[in-house]
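A single chain, nothing else alongside it, follows as structure tokens in the form predicted alone.
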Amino acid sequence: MANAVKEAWKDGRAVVNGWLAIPNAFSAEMYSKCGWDSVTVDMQHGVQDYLSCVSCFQGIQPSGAVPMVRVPWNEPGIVGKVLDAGAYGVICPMVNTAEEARALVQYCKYPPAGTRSNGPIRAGAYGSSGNYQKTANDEILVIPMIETRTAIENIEEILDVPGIDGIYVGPSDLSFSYGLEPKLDVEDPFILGIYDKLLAETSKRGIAAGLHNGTAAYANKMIRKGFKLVTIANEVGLMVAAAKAAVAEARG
């Protein structure tokens, strides 16, 4: 199965990404039908485990949204398992050096490009029999998170690692690492200047830049700025915001 996110990026289009913290297939199913281009299961800061990740993938599948995962860490065991489960993109936190980026690529790719073990227990169903291993290296997105001062200092070396398809900015941790308030929709000129640098460096190399956002309005602004993947909060945040608004309206 072709990766629709990759196809969008080839065409120069931005992708709007959903984010799942709730470990439930039903909520994943309903949420995924809301028009997202891709939906990411958050195994780092969500309350997801491996089995709930698989269940969420099963919920996502009828919608046609591209299933992705933010893994908890840059570790080959969990990276291999989420890919076997059917992830078409791996977002990995706290990648700070070219060496760490190379390791992530290795974990995501089958030989000879990497060291991923063969056994796509669920992912194999996305292609015709025997073809998954032939196409996985080309279709799976490898996306390190850039969210520290160290990563910014090493950004050119990180982006030059072969096999990286995009980067994903974690605004809260990035601000935190510079001694600023950790928040999503940043207006600080210093951090916005870092965004400009990241957009320039990724654009030079044909790599997509992604960003986590708190609101749809800010996500739209970041698309116009040049980001090619934008996430809007997560399903918990959107649900709570809608519920609060409904209660406030009912009470007048």
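Only a predicted model underlies this, so the values are computations on that prediction, with no experimental measurement involved. Numbering starts at 1 and runs along the sequence shown.
Below: the form predicted together with a further copy of the same chain, not depicted.
Using a 4.5 angstroms limit between non-hydrogen atoms, P72 touches a further copy of the same chain in the predicted complex. Residue contact check for G46: one or more of its heavy atoms lie within 4.5 Å of a further copy of the same chain in the predicted complex. Taking non-hydrogen atoms only, Y50 approaches a further copy of the same chain to within 4.5 angstroms in the predicted complex. At a distance threshold of 4.5 angstroms between non-hydrogen atoms, K244 is in contact with a further copy of the same chain in the predicted complex.
If you take 50-82 and check each residue for a heavy atom within 4.5 Å of a further copy of the same chain in the predicted complex, you get Y50, L51, S52, V54, Q58, Q61, P62, P72, W73, E75, P76, G77, K81, in sequence order.
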